[in-house]
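Given as structure tokens, the chain that follows is alone and in the form predicted on its own.
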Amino acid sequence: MKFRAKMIDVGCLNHFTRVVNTISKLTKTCILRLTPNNLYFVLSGKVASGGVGMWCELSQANFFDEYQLEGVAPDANEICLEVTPENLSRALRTSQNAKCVKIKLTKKHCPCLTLVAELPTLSSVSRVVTHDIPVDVIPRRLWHDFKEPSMPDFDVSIYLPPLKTMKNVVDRMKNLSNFLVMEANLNGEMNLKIETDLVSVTTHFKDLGNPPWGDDGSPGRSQSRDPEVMAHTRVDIRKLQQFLMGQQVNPSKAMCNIVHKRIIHLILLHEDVSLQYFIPAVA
């Protein structure tokens, strides 16, 4: 079982750092799944029992100049590690001006992801900073928990408004309530609502547009749906705020799929990165 990778391009390093920073804001620990072509950050929260879920996919060729992987077995050429994203984020932040960054799986006092950054210097003496980030190797028998989640059979799919605008609205609403209702229809309209004994507040968004899901992801029930009718889900406002606060991916597309009264499925797409986040309904 071996893994080593190398980043030289500063733009790629900064982009990778932003992705890891985003993950670190969403969860304290997650699974880093390494395959020959992709890296995945996975949080397999049991949405049915109230936990959030996350799936972030990166194409390794768009980040790394060198990438070598030998998985646990010839018929299972991948490695699954439990990591603390904040530790990886902190190591990457100290490497922002590095001439190159190498990441490899090592065995110190425990399994580690060792990050070695070669920093620029004015003299002929090289400066190298090494970070050993402890990880746990996930045994193969548990891998089934960390496969890509299936697309939920949603009632409404809609493009999100600018995430900064949405964050400002949710930040204000959080001061008034612990819960938020998110509702949308197939006419490109979305509302964020809170209701308490003392106050009722609704923010309306319109002309957002609805994604044209093709045969591969198109659920039957949304196609025959009245475009005016809202699908809604009530969620813990802190979980939505956490997602909006941590966002550093700067997506080219941001979408939300609503499974009526069950799940909010948020999707951010940016060239070589996709991030999915699942927030369960609360009663």
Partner chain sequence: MDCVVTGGNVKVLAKAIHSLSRIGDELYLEPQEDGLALRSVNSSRSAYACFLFSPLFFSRYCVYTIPLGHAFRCKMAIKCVQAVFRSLSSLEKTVEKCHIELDGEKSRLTFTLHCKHGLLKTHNLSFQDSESLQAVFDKESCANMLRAQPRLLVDTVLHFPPSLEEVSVSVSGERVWFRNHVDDEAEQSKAMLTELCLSSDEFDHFAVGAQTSITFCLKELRGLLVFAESTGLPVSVYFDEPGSPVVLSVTDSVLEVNFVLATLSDDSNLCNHNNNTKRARSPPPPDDFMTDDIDSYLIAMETSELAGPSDALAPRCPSSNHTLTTQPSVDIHRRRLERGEEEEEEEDTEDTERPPNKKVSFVVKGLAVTYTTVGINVTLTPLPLSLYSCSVPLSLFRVSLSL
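Positions refer to the first chain, counted from 1. The structure presented is a predicted model; accordingly, all values stated were derived computationally and were not measured.
Absent from the display: the form predicted in complex with its partner chain. The rest refers to it.
- The partner is absent here, but in the predicted complex a heavy atom of Arg90, alone among Lys104, Lys99, Lys174, Arg90, sits within 4.5 Å of its partner chain.
- Scanning Val129, Val169, Leu186, Val181 against its partner chain in the predicted complex with a 4.5 Å heavy atom cut-off leaves one residue, Val129.
- Although the partner is absent from this view, His109 contacts its partner chain in the predicted complex, with a non-hydrogen atom inside 4.5 angstroms.
- Contact check for Asp145: no non-hydrogen atom falls within 4.5 Å of its partner chain in the predicted complex.
- Interface membership of Pro134, defined by any non-hydrogen atom within 4.5 Å of its partner chain in the predicted complex, is confirmed.
- Shown alone here, Ser124 lies within 4.5 Å of its partner chain in the predicted complex, counting heavy atoms only.
- In plain terms, the part of the chain that comes close to its partner chain in the predicted complex, with a heavy atom within 4.5 Å, is 91 to 99 out of 91 to 99, 161 to 169, 68 to 76, 190 to 198.
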